[in-house]
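Shown here is one chain on its own, the form predicted on its own, set out as structure tokens.
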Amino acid sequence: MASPQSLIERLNRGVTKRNARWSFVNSQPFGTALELRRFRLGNGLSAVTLIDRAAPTVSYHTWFRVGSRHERPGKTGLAHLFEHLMFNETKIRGRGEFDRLMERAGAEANAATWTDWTYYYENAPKNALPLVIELEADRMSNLVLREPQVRSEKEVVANERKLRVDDDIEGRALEQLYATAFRRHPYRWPTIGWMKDIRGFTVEDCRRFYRTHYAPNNATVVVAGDFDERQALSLIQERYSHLSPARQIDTKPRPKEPAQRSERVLRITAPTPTDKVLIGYHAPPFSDPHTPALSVANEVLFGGRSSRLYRLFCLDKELALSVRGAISPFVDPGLFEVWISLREGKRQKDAIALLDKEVARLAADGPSDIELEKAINQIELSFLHSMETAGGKAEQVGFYETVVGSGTAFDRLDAYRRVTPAQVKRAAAKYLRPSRRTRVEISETAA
């Protein structure tokens, strides 16, 4: 593999336009055998390469630094709507042609949107990389946004919302949890958007959003797998360098959420066979130094059938059918979510009392050495499973570039390995307090 300096010299030879010139940013190890290399085009497009010859495949990701956090009241759900719109026609390719070309090349393509990002990906045979680059550059700059396209996708999203939120108990409860836990921060509205906003989007709303956020200086391209680095960067240079950076990308911090001083409780009546409890403790952002220890605490409490709370709730006390926990991996402070699905006839207050007792015990005593070792091993195993394919590696790279802005997933793995019982104890004591949480109680009838 050529040195970055010689590679840049070759790519920039004879290139006079500033937008088309590459610069080398940095490189760092990715695990023990691979290397991550970062480049930037003159128009602001970031590109990250990760060569891995394990299989003759390539994964191409395009991560945009835009999600529901970047929207405003009255226009919620635009980021998610664009995930749908981007598979429509462009100025040079008709509706459905993107999918047909991908299928013909033997490639898999999809996308995802959340609070802080939207990304598009293709997993393909290595010889399909030129086509993938051509198609992604095309829809970053040439998307057709007219009334028929926008109206059609709005209807698709409205139906998706009905299915996943309005007619789904857990979807509705989760939406209400965030709307209650957050008073000022944009995390208070759902990524899919409020139905009224979805119905009200105009073509001009979509065009303005596209011009602002779907620009090279708001995007990171990740290429992972078996490919020629010089050829890939040359093709990216050729296809993307004519794009102009967005003039006005709002980089201001989102409104800071006021500290929560007391527990908030919301009760929902729904057609559920057994009662459920959903809890959200205010948690630090993904990049916070406390997050690895809090993640280990989550694993100790909820990680599998031998975890503390699964054994207590589902086996010993027979209070619940299932319990689970998760920490939102957000740019800004999010929530540590806890789900408890009770057995028939069991009471929510008993489940909450048992949860509080066990969380307080962890905060007072911390985990045992055996619990800590098991939790870290489980996290490491899950991490390694996620990195088995070029697509898994590309997704991890894109996430860390977008959410953290530096380092790699392996840096986070090292942080997990360094977590101590004392750190878990402190994290649980600091964040898992009743005064910092919002509780949603779901019952068949009103309490």
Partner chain sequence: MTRATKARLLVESSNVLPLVDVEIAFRVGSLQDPIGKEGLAQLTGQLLRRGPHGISADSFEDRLANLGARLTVDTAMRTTRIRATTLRRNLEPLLDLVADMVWRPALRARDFAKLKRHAQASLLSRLDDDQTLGAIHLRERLFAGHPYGRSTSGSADSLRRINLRDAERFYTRYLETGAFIVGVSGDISDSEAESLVDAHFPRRTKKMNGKRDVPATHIRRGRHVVIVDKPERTQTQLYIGTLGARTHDRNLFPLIVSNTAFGGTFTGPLMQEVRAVRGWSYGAYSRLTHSDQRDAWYMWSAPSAEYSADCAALELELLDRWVENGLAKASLKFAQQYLINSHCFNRDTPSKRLESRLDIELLGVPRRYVERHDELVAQVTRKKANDATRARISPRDLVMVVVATAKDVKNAFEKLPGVSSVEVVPYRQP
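Positions refer to the first chain, counted from 1. Model, not experiment: these values are computed from the prediction.
The discussion below concerns the form predicted together with its partner chain, not included here.
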remark   = Students should find that, of Glu103, Glu238, Glu204, Asp350, the residue having a non-hydrogen atom no more than 4.5 angstroms from its partner chain in the predicted complex is Glu103
note = Among Glu373, Glu263, Asp356, Asp228, just one has a heavy atom within 4.5 Å of its partner chain in the predicted complex, namely Glu373
inquiry  = I need the one stretch from 252-260, 166-174, 323-331, 358-366 whose residues put non-hydrogen atoms within 4.5 angstroms of its partner chain in the predicted complex.
reply    = 166-174
inquiry  = Within 4.5 Å, heavy atoms only: does Ala55 come near its partner chain in the predicted complex?
reply    = yes
request  = Could you confirm whether Met387 comes within 4.5 Å of its partner chain in the predicted complex, counting heavy atoms only?
outcome  = yes
request  = Consider Pro245 of the chain shown here, and say whether it contacts its partner chain in the predicted complex, taking contact as heavy atoms within 4.5 Å.
outcome  = no
request  = Mark Thr420 yes when one of its heavy atoms lies within 4.5 Å of a heavy atom of its partner chain in the predicted complex, and no otherwise.
outcome  = no
ask   = Is any part of 314-345 within 4.5 angstroms of its partner chain in the predicted complex by a non-hydrogen atom, and which residues would that be?
value = Leu315, Asp316, Glu318, Leu321, Arg343, Glu344
